[in-house]
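Just one chain follows, in the form predicted alone, and it is written as structure tokens.
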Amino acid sequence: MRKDKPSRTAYKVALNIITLGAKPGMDKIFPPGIVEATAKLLVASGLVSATVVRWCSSQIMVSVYEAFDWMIPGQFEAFAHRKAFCERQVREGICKGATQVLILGAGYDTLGWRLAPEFTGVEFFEIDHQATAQLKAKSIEAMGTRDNLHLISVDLSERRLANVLTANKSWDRAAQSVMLAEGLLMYLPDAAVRDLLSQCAAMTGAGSRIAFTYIGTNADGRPDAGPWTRLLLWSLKLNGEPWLWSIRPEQLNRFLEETGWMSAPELLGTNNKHGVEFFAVAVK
């Protein structure tokens, strides 16, 4: 991943959300307000113009996305399910007593900005590398800051998450928390995924949960992206953001236990697969 430039993947996901918002029926899946907030954030950042947003919201663009869905069948609509899954876990976690929410590799996600005014007693934290986080902060400044939304600009490949959170006076490592790793873990090597999950467990209190998405592993040991896996993995590597980590669903429980977590398949929406991604939740 290019650390000197904003994430291209985060940008593509945000545009996908805007276009997906124009697809009939997606309003029944998407969390309320997410499409409008995403468009507002991208315009405020200067990444796109209002004209581009209108074009992305057209039925023509919906047709274009659907035409290219052959490479990863179902992945176009999967983003709506992924966003709904993550927000559901945050809301449920807060309902169960969580007072902190941490979004890892936040990109241009708007969950923290949207939910912070609703849950004023909850502290929301976002972490991303400097190039993306600074652009995000510019957008939030223009859209309206939230007193309980903390944007942290740091490269977790250079600084440990535990050290970053310990240095932040607003973070309480004993508090029940919700952590999100949406569309993130596949970009990290195995050792980094293990270390990150272990740090998340060490920096949260009892009853905490972590919701994440992951890619399954193919018979040949590579991430399983369907019939066009070889082409997709090649294109991701060419763009500088390759997939590095995957795991078979039947191996996930043991992997989580080794990092201080326990799989929670009973929680709503877990163990589902949309497109090529599995959704999962682990608890302490």
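Since we're looking at a predicted model, the values are computed, not measured. We number the residues from 1 along the sequence you see.
There is also a form predicted in complex with a small molecule; it is not shown, and the following applies to it.
**the small molecule in the predicted complex reached by all of K40, G112 and I140, non-hydrogen atom within 4.5 Å** = So, no: the whole triplet misses the small molecule.
**Message:** Within 4.5 Å, heavy atoms only, which of H81, H150, R91, H129 is in contact with the small molecule in the predicted complex?
**Reply:** Spelling it out, the residue with a heavy atom inside the cut-off is H129.
**Item:** The single option of A106, V178, V193, M203 touching the small molecule in the predicted complex, heavy atom within 4.5 Å
**Value:** Exactly one listed residue reaches within 4.5 Å, namely A106.
**Request:** Go through 81-89, 94-102, 115-123, 162-170 and give me the stretch that gets within 4.5 Å of the small molecule in the predicted complex, heavy atoms only.
**Result:** Result of the contact check: 81-89.
**Message:** Contact with the small molecule in the predicted complex for L197, defined as at least one heavy atom pair within 4.5 Å: yes or no?
**Reply:** Heavy-atom contact with the small molecule at 4.5 Å: absent for L197.
**Request:** Please check if F76 has a heavy atom lying within 4.5 Å of any heavy atom of the small molecule in the predicted complex.
**Result:** The answer is no: F76 has no heavy atom within 4.5 Å of the small molecule.
**Request:** Answer yes if any heavy atom of T9 is within 4.5 Å of a heavy atom of the small molecule in the predicted complex; otherwise answer no.
**Result:** It does: once the small molecule is placed as it appears in the predicted complex, T9 has a heavy atom within 4.5 Å of it.
**Distance check, L188 to the small molecule in the predicted complex, heavy atom within 4.5 Å** = L188 belongs to the contact set for the small molecule.
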